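Before any questions on how it binds or moves, here is one chain, the form predicted alone, in structure tokens.
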């Protein structure tokens, strides 16, 4: 006959195989649900030109151009909440081209949405949460385009399955309003 440990090993192997099969079925069901019924997301961003000042931060010795923006944003993200949604990570990203012709993308604001009740985002008169500065030190005023595009992006984190990324709203060609001193 088989020993006690052999029987425990067989039972645990069966349970882990059944658990993996169940997780695979949930993942496939989640992907099929998104493929058959894609979520319709409505979002809108509005803002004035970005104010750029020469400022000195406490951690840096030299002055550097820093951008400050005020924005309004609305988005209805409730279609993203399904039975497999754990949370959403929202971020407002600025995309621009610097003086060397390199495309940059900077996160300016973010929020974590954990409940479907909080999925209707309505932000009025908000300011950037994180510093908006050109890392290369050349500044925004010397950029190739002199404008930036802004996008409200989301990262959907499911209970089981793959992470999904998307874009809820986009605003293009917002100019930089360069000023002398802060």
Partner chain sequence: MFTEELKAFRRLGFRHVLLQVLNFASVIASGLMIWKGLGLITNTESPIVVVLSGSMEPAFYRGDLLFLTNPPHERYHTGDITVYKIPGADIPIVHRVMETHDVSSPVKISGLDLKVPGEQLILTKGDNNHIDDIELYQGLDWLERKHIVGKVRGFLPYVGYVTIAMNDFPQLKYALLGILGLLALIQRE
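Residue numbers count along the first chain shown, from 1. Bear in mind the structure is a predicted one, so any value in this text is a computation, not a measurement.
There is also a form predicted together with the partner chain; it is not shown, and the following applies to it.
S.K.: Does any heavy atom of residue 5 come within 4.5 Å of a heavy atom of the partner chain in the model of the complex?
M.R.: Taking the distances in the model of the complex, the answer for residue 5 is yes, it comes within 4.5 Å of the partner chain.
S.K.: Quick one: is residue 61 in contact with the partner chain in the model of the complex, heavy atoms, 4.5 Å cut-off?
M.R.: The answer is no: residue 61 has no heavy atom within 4.5 Å of the partner chain.
S.K.: Within a 4.5 Å heavy atom cut-off, is residue 37 in contact with the partner chain in the model of the complex?
M.R.: Judged by the heavy-atom cut-off of 4.5 Å, residue 37 is well away from the partner chain in the model of the complex.
S.K.: In the model of the complex, does residue 29 have a heavy atom within 4.5 Å of the partner chain?
M.R.: Flag for residue 29 set to no.
S.K.: Can you pick out, from 25, 162, 11, 18, the residue that has a heavy atom within 4.5 Å of the partner chain in the model of the complex?
M.R.: If I apply the 4.5 Å criterion carefully, the residue I get is 162.
S.K.: So which stretch, 44-52, 151-159, 117-125, 63-71, is the one near the partner chain in the model of the complex (non-hydrogen atoms, 4.5 Å)?
M.R.: In the other structure, the partner sits against 151-159.
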